[in-house]
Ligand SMILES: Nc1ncnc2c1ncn2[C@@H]1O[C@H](COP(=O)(O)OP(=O)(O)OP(=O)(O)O)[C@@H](O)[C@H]1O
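First, one chain by itself: the form predicted on its own, in structure tokens.
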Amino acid sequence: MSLLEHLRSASRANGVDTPPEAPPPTPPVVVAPPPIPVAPPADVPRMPRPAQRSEALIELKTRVHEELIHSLDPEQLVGDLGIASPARRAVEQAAEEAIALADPNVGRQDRLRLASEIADEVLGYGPIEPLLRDPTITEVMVNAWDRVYFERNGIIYRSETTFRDDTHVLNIIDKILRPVSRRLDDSSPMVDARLPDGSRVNAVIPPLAVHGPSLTIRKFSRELLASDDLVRLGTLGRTTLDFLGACVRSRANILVSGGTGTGKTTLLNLLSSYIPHSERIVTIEDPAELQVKHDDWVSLETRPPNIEGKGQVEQRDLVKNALRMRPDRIIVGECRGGEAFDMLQAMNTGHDGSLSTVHANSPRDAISRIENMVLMAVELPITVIREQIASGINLLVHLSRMQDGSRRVTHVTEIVGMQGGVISMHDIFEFQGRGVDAHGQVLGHLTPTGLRPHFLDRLGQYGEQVPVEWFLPLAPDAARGA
């Protein structure tokens, strides 16, 4: 039975009408060697590396894959293409039959494995598809065709999965970019995009990528981490989380800072959940990845220039446009340039309760970065810029990734004004580390510094009951979780 017949049979079983004729066959694509099992975590003994796949099996897989591509009916490959979907079962069954017909000597285990790998090529992203399916993996990094890495629980491991060559990596990148109308060529050798599930994608090609095409995928979390999850993981404590929730509801302007992969977007998603449902939210991102659970929400995304170098829409353009959309809250996924100035203008002209993130190594460094980004947009005296920051941003939440891979909120810092031409700020909560345990896990928790926020009265005006005991250094935070 051909692949087309398998797909039509699967469609009829699911009550889907099958078109009478298949469209013209699509051209074959380069086929990767079969992926090798993912390397286990460092604390698990590594299994012996599988024997090198024979050239005969590689050639067989290539030939069968090309045959299936020629008989492919794209109209049937829509909807659910998951690991247990009828379409995938049809592709695997057709591939298995074709392999058995082409070489009856192939054993059943090899036949099933090759059929699964061919299905990954047809329906997914080839060798990295098993990594993308693994819910414990948060990031997939292709440094070169034969060097694939992944992140699990904050630790990076090298995978035994490989591509066939640079051309196959480029084919997978093209497969990712085609649906989102992004391009990657000599005139535009870097690109940001996202997968249909929201995962963030970055790709770089030679000559910028010296060792061959590079692909990085920050996986989209299908289940948003709730407040209890972050408390359980030790990212922050219950007291701190309740305080931040009260600040969001009271329309405080909050900036989330931290390094790459520290959990800024995760925390921003959580903070947005505290926004009352009666308010209108406009988010601005490059690319879009926030998951705001809100009815009255408009998501705006930047656009790169077209092949003629025209039509680009930057975050700054979107921030300006958002001000005309009657927003109650503006959320900028990440400030990277001149949009920081427009964001500060919004915060200082009645759009309280705005949220954003910035890459920084510390709370003070985050303020310096905002100053530099404003200077990228306008030429203003540094004192004027600092006055805008001091009056616009109320609270800064800083995250760090510890040596054990865990993400922790290390500072909750209030900006209290200007003093001698310098922005004055003090920590309300600060992470107190106590070393590491026998397993290398970082010990410590977020504790109050004893300083009360200057805007406690503001919280009270919005009906937020914030006990003063939350900020006392001797408060029972070890039990409740600061």
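Sequential numbering from 1, following the sequence displayed. Predicted, not measured: the structure shown is a model, and the values here were computed from it.
Keep in mind that the form predicted in complex with the named molecule is missing from the display, and what follows is about it.
K.L.:
Please tell me which of Arg88, Arg218, Arg194, Arg164 lies within 4.5 Å of the named molecule in the predicted bound form, judged by heavy atoms.
P.N.:
The residue in contact is Arg218.
K.L.:
Just give me the single entry in Ser227, Ser299, Thr138, Ser273 that has a non-hydrogen atom within 4.5 angstroms of the named molecule in the predicted bound form.
P.N.:
For this set of options, the contacting one is Thr138.
K.L.:
Would you classify Ile83 as touching the named molecule in the predicted bound form, given a 4.5 Å non-hydrogen atom cut-off?
P.N.:
Judged by the heavy-atom cut-off of 4.5 Å, Ile83 is well away from the named molecule in the predicted bound form.
K.L.:
Using heavy atoms and a 4.5 Å limit, would one call Glu334 a contact residue for the named molecule in the predicted bound form?
P.N.:
Glu334: yes, in contact with the named molecule in the predicted bound form.
K.L.:
Applying a 4.5 Å heavy atom distance criterion, does Thr260 contact the named molecule in the predicted bound form?
P.N.:
Residue-level check for Thr260: yes, a contact with the named molecule.
K.L.:
Since only the chain is shown here, I'm wondering whether Arg329 would be in contact with the named molecule in the predicted bound form (any heavy atom pair within 4.5 Å).
P.N.:
Close contact is absent here: in the predicted bound form, Arg329 is far from the named molecule, nothing within 4.5 Å, heavy atoms only.
K.L.:
Want to guess which of 96-104, 346-354, 232-240, 112-120 is within 4.5 Å of the named molecule in the predicted bound form, heavy atoms only?
P.N.:
The contacting stretch here is 232-240.
K.L.:
Among Arg249, Ser391 and Arg458, does every residue place a heavy atom within 4.5 Å of the named molecule in the predicted bound form?
P.N.:
Result no, not one residue of the spot touches the named molecule.
K.L.:
In the predicted bound form, which residues of 266-280 put a heavy atom within 4.5 Å of the named molecule?
P.N.:
If the 4.5 Å heavy-atom criterion is applied to the named molecule in the predicted bound form, 266-280 yields only Thr266.
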